[in-house]
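Okay, so here's just one chain, in structure tokens, the form predicted on its own.
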Amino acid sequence: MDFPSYYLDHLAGGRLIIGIIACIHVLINHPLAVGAYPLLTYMEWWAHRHGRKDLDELARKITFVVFIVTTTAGAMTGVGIWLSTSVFAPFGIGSLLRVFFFGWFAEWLVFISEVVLIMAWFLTWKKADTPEKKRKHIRLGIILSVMSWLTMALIVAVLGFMMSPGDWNQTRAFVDAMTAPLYLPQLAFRTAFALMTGALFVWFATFFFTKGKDNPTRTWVVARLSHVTMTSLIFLLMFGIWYWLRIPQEMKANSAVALLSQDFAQWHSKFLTLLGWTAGVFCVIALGGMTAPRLIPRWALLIPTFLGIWLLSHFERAREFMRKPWVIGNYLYSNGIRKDEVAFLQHEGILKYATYVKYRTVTSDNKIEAGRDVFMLACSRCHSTTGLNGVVEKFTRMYGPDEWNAAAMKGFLGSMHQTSTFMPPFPGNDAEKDALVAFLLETRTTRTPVSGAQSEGISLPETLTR
């Protein structure tokens, strides 16, 4: 409520941009940074110990790819998350910054160290031409691997806190925020996921840097990383169960919609079957690599590679939706309203205490314009008007293409939190419900999308502009 709305109506207000950037960031950094760094360090160590210059050179070539991607697209999408959340969800990122200031400060120090280390590790690879220099270089890779994992460990504390803050809701203590109930199971789950997808990436990249199915370098990589894939998959399933058991019960109730959206929620059991088959594919490919590494063709690696991308992306989407209607569990709703503010605003009205609105009270003359402000405050963080996740389409499904019943719509606004638990309660008074209904009925007729402050400028109450 304290920020003007930067809003893109056709993209559900802009939250889709946050999701796309965040998914790309995770898809880069989990497999390539967290997962691949320790595996490439292990390859370098093995090559040094057994005099395998072919493996050392292969590790260096793959490291070059990792170095380029993580320091460009990986770093840029990390900054993109900060930029997009600051623009589209300033209330959420602002609250998290207040809670995790010291944690994020530590994460930035670790991230800077990680960037320096990857540059030093790659750029000094060829200069490590003596046994002593090689041992120091390998130690540099170990430190880099630890720092990369530590970056994820600090960020996961924030992600776990957003789903279930635990004792923080009572204590407001930084330590309780960092050690929220979902922290350890999610960290363990993501670590196993990163190692499995990292192994798949190194395995897949090997086929582009080696030739011939009987190539001893390729055979060594396929055999070793098949063991890593299988072991990581086992731990992934174990930690996934642990993670699931710690998720709050009210969030588990959203799992069907979180996994498949409202339109396909009835396919929940089929989707679980698909997950089982996916795990089976990973097992078959890994077992093939463990028992007959020379027989694994390049195309076979496309299957687990794309399945890994799909699983990681879908996990991020499901995790984000499952915690709805919260940005921070039992503290901050997805529309930026704190839990302890709702009852007060439902009595006094949301417009009365909003900064960037044109009217503070609803009258017969300003009803539609006031309703637009109510929409921007209460609904626009998740919904558009006629675009993605549009409210016009939602109400058309509920009431049909003919005339809508204004009284029924108003009744739905009062009970939507009970009927659709992933939606926050309406944070306004009775007159503001009427105004919002009037705005929606008008929008249904005109189909005019709403513009944000970046297009229309900032609105202020008339009492402040006189």
Partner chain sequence: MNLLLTTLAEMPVPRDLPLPLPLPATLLKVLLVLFFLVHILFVNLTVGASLLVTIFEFMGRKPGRERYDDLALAFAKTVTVNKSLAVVMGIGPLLCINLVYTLQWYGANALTGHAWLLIIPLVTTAFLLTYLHKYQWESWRHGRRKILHLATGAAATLLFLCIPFIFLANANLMLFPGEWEKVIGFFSALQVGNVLPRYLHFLLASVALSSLFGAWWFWREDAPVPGFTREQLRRTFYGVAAAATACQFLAGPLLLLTLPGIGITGRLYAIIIPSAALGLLTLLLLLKKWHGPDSELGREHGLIWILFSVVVLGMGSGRHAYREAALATQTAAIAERSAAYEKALADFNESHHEQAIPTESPEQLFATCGACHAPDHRLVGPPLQEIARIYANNPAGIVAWAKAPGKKRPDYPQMPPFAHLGDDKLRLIADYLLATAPK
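Residue numbers count along the first chain shown, from 1. Just so you know, these numbers come straight off a predicted model, no measurement behind them.
Form predicted together with its partner chain: not shown, discussed below.
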| Partner-contacting position among F122, F375, F204, F239 - heavy atom within 4.5 Å of its partner chain in the predicted complex | F122
| remark: Of Y243, F235, F91, F209, the only residue with a heavy atom within 4.5 Å of its partner chain in the predicted complex is F91
| said: Would all three of M76, V99 and E341 be in contact with its partner chain in the predicted complex, where contact means some heavy atom lies within 4.5 Å? | reply: yes
| Y399 near its partner chain in the predicted complex, any heavy atom under 4.5 Å? | yes
| said: With the partner left out here, check for me: in the predicted complex, does some heavy atom of I21 sit within 4.5 Å of its partner chain? | reply: yes
| query | So, in the predicted complex, is G390 in contact with its partner chain at a 4.5 angstroms heavy atom limit? | reply | no
| its partner chain contact in the predicted complex: Y356, any heavy atom under 4.5 Å | yes
| request: Name the stretch: of 139-147, 346-354, 282-290, 216-224, exactly one has residues whose heavy atoms fall within 4.5 Å of its partner chain in the predicted complex. | output: 346-354
| Judged by heavy atom distances of 4.5 Å or less, which residues of 357-378 approach its partner chain in the predicted complex? | R360
